[in-house]
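Presented as structure tokens, the chain that follows is alone, the form predicted alone.
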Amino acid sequence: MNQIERFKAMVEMRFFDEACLEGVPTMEIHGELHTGIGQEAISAGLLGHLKNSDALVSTHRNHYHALIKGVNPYRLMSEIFEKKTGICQGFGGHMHPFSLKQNFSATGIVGQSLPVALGYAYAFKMRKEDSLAIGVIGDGAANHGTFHETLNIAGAWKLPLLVLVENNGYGISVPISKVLATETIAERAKSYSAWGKCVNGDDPDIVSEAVEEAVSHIRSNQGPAILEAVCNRFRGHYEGDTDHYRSKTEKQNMLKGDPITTYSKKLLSLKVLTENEIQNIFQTSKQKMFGLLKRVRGEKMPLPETALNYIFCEKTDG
């Protein structure tokens, strides 16, 4: 996967979330929408390293992971807007999208992506399949019991599991520095006989190199890996969050390190892209994602009488 493709992916992800934001003030999207704006480089770093058979289990902040895993952006946006054309016909919404075809799923419960990913990894091991599972978490979830329980058994049984920690510095409103006993989360890897590394999550090239190392370790049956990518989320924890726990100066400094801006400058300096090519990518991506938004808004919602579908398992004869 080359740098141009990574850059295009980052720009498309940014405009995807910006298109989704249009549905919040209009109440087209219900509940707490969580965007990944500012964290695009991490998902872009996964490009080219995953197979369709690999499983990825994400969090409440899941849009970019779904897109990188190959979920159709139109059907994903439809799901976020709770339309019948969504990947779950509007029943999963933005917190619980699921795609069996791409082996992608997400949970809105903090820390619960890891036990699910562990189940996938165990199944792959039992079936002797050359596939791995990725459990994505934030820094806050790294302090949940599920983190220890999952990695302990993954290490003991050498399961093909990659724990991807998107460390944006805050567990909702709590600074990670206040609740972390170690300098990094990745250094815990030694406790689980796992591979571990902490990297700059604002550069997709750096993330890609680390992912390649982690995946090589896992696919060679050496056990699990922990990859911690340090990044920033530019918006509040969710749309509606007052974000009072971060100072104005802190937020301004974060924006100065926008990974898309920084990466575009890097590609310019390396002469990988020209200024005109970069602007064309921005324009094309924006048109694409806001074009999807227009289509999605024209789709129908699920009928009220179907509200209880897929919730209960009805008893059948035999």
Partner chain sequence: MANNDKIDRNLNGSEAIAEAIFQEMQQDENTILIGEDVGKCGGVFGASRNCFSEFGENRVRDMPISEMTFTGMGVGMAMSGLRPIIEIMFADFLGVCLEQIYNAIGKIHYMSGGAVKMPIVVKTAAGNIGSAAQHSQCLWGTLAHLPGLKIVVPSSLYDHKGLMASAIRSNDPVIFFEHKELLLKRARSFLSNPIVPQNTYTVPIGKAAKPRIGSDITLVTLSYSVELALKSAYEVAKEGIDVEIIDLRSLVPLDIETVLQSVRKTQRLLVVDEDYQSFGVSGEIITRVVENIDPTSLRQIKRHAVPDVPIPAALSLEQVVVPNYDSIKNMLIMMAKGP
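Numbering follows the first chain given and starts at 1. Not measured: the values here are computed from a predicted model.
What comes next is about the form predicted in complex with its partner chain, which does not appear here.
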- Item | Non-hydrogen atom within 4.5 angstroms of its partner chain in the predicted bound form for each of Pro25, Gly48 and Ser208 | no
- Item | Residue (of Gly196, Gly236, Gly140, Gly223) lying close to its partner chain in the predicted bound form, criterion heavy atoms within 4.5 Å | Gly140
- One residue of Phe91, Tyr74, Tyr192, Tyr120 in contact with its partner chain, assessed in the predicted bound form (non-hydrogen atom, 4.5 angstroms): Phe91
- Note on the structure: Of the candidate stretches 101-109, 211-219, 128-136, 154-162, the one with residues having heavy atoms within 4.5 Å of its partner chain in the predicted bound form is 101-109
- With the cut-off set at 4.5 Å between non-hydrogen atoms, does Glu82 touch its partner chain in the predicted bound form? yes
- Quick one: does Gly257 come within 4.5 Å of its partner chain in the predicted bound form, counting heavy atoms only? no
- Task: Check whether Thr184 has any heavy atom within 4.5 Å of a heavy atom of its partner chain in the predicted bound form, and answer yes or no.
- Result: no
- Tell me, yes or no, whether His148 is in contact with its partner chain in the predicted bound form, where a contact means a heavy atom of each within 4.5 Å. no
- Item | Heavy atom contacts to its partner chain in the predicted bound form at 4.5 Å, residues of 235-264 in sequence order | His244, Tyr245
